[in-house]
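This document starts with one chain, in the form predicted on its own, laid out as C-alpha cells.
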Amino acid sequence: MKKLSLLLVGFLLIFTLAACTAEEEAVGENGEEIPKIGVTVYKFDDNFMSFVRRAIEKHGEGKADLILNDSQNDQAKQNEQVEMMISKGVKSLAINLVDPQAAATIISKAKEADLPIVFFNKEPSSEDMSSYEKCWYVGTTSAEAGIIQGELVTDTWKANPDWDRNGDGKLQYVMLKGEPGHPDAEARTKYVIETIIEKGIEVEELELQTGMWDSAKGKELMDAWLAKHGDKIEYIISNNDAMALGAINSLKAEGYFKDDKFMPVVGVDAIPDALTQIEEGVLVGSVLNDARNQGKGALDLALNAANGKDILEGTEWKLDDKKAVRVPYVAITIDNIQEAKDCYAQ
C-alpha cells in the first residue's frame, strides 16, 4: 500500500511538472520561445474595446503567449486577474483599467513583481505614471475627440440651416455622455460644446445624461427625451457610437430617417455599425478612434518590454513627455469613410 501511494505521488509530480513545462514553453511561428503577456480589458462586450482586443490578438499571433481577461467592468475582479497573471509568470502586463483611479493599485502590484506595465485606452494620472519607471500608456489625447466632434457639428449645422427647426439661431441639443469620471467622457463632453461656441454658434442644452457607453441605455434615454421634448431637439451629440446607435434606434421607432423626417446625430469611434449608418445617410458622422492602432501599439510596447528591449524598438511609435503613445483621431463623414473602413480591414 505504501509503495502504491509513493507511485501515485510520483506520477502526480511528473504530470504536474509536464503541465508546468508545457505552460512555460509557448513557441512562435519559427519555433522560438515567446513571452507570456497578461492582458485585461475592462469589459469584452464594449463595442469599441472588442476591436482593440481583436487587434491585440491579431498582432500578438506568433509573437506572444497572451493571457486575456474580461474584467467585466469590476475593478476588484481586475485586481485579482492581475495577481493571477503575475503568479503565472507573465513577462509584462497590458491593462485597460476599469477605473483609472485604480492605477496606483495595479502599479504597486507590477512594481512589487518588477514587471513592466502598459496601460491602454484609459489613462492613469500623471502622478501615477511617474511613480514607476517601467510604466507606459497607449491611447489618445482625450480633448482631441471633443474638438473634432465640435468642428463636425459646426460644419454640418452651418451647411444645413433647415436643421434650426424653430429658427431662433440657437442649436438646441441633447448630450449622451459616457461613464462619469472617465477621462474621455469628461473631455469629449466639455470640448465638443466649447468648440461649437468658439465657432460662433449659440447653443442650448436640453438634456445631458450618462448612457454609460451603452447602446441600450442610449435608446432608453432617447425614448424619454423624445417624449419630453419632441422636435424641440435639433441635434444629438453622443460621446460614442454605441449610444448614438441606441438613439438612432429610438428615432427610427418614431418615424425619423424616412419621408424627409431627419435628426442629426454624431458619435465617436467610427465602429463598423456606425459606418453603415453613415453610408445610409442616417448618422451625420463620427470621429475615428483607431482601435487597430491602439491595440497594435499596446501590444508592441508590451512585447518589447517583455523581451527586455527598448520600449520603442522596431516600431513607428513615439512617446510624449507623459510616457504616452498618442494615436490621433480623425473626423469621418461619407466623404472619407474608406479611411475608417481600412482600419477594420484584415
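In this text the structure is predicted, and so the values were computed from the model without any measurement. A residue's number is simply how far along the shown sequence it sits, counting from 1.
Same protein, other form: the form predicted together with ligand BGC, not shown, and the subject of what follows.
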ask   = Taking the partner as it appears in the model of the complex, which of 119 to 127, 222 to 230, 195 to 203, 258 to 266 has residues with heavy atoms within 4.5 Å of ligand BGC?
value = 119 to 127
remark   = Interface check vs ligand BGC in the model of the complex: of V284, M49, A305, I56, the one with a heavy atom inside 4.5 Å is M49
Heavy atom of D184 within 4.5 Å of ligand BGC in the model of the complex = yes
